[in-house]
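Read the single chain below, which is given as structure tokens and is the form predicted on its own.
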Amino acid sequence: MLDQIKSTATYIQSKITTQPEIGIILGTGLGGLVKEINIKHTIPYEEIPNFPVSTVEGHSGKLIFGELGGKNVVAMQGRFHYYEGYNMQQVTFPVRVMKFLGIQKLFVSNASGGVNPNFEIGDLMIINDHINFFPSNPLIGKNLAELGPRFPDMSEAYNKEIIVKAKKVAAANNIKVQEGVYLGLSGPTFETPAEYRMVKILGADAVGMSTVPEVIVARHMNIPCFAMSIITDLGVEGKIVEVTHEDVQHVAAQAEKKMTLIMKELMKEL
């Protein structure tokens, strides 16, 4: 795996002229942040050696290099999910590569279902912790000391300092933000009412099918993380309705402008 990571990073470095400081992973329907990036280079996933290819509608599959909020960034427009049939190492491979490209922080976005009764559809939630309910962990297997320790600490999976700055940015721009715990499930089914109840009982505020593996791997490599969910549907008793992927994309697109503004202004503060 280390050879693959290094050869992929070397290939990408041959195509770009700047070193990214911040990595960004864009979730379902959240590709619009790219419009704010002063783009220098775009590389389709299919051209990148060892890279998986995104198969999900709403995930376009490009690595974008440029400037955002005065910082050099690399953005994944389209991410990989466990439910697509990839193993956890493949899902998180791009995060490994971004580390070797030089990123110092990772920003992640996703669309998720809210189980906190105080949440409404379209709310933004800053993730302050997560629960890994995937049937696997991306660090299972032989540990490569060059990447990180065998037993990485997860007491601060999401960087507290960045969270404080994000909340200040949101307040300064009159954007309401929630804060809470994200629980990761494999999908690809949306949750049953009983599963939503379970998620709430377990102590989460939102549930989704991504983010947790990437953050685990980033923290393994000592990269500080910041993540935001757009609450695209509600798993709250009395508010549960039938949900489609198109519904999720539509709500994400509506709330995306606010999330984009927070991320852009937050980068200026770092």
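Note that residue numbering begins at 1 and tracks the sequence as displayed. Small disclaimer: the values here were computed from a predicted structure and weren't measured.
There is another form of this protein, the form predicted together with a small molecule, and it is not shown here; the text below is about that form.
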Practice task
Go through 122-130, 107-115, 158-166, 69-77 and give me the stretch that gets within 4.5 Å of the small molecule in the model of the complex, heavy atoms only.
Solution key: 107-115
Completion exercise
Picking from A204, M209, M228, L26, the single residue whose non-hydrogen atoms come within 4.5 angstroms of the small molecule in the model of the complex is M209
Exercise for the section: With the small molecule left out of view, choose which of A255, I16, A9, V248 has a non-hydrogen atom within 4.5 angstroms of it in the model of the complex. Expected result: V248
Practice task
Would you please decide whether Y82 lies within 4.5 angstroms of the small molecule in the model of the complex, comparing each non-hydrogen atom pair?
Solution key: no
Practice task
Using a 4.5 Å heavy atom cut-off, state whether E214 contacts the small molecule in the model of the complex.
Solution key: no
Handout entry: Residue contact check: Y86 to the small molecule in the model of the complex, 4.5 Å heavy atom
Key = no
Exercise for the section: Answer with yes or no whether E195 is in contact with the small molecule in the model of the complex, where contact means some heavy atom within 4.5 Å. Expected result: no
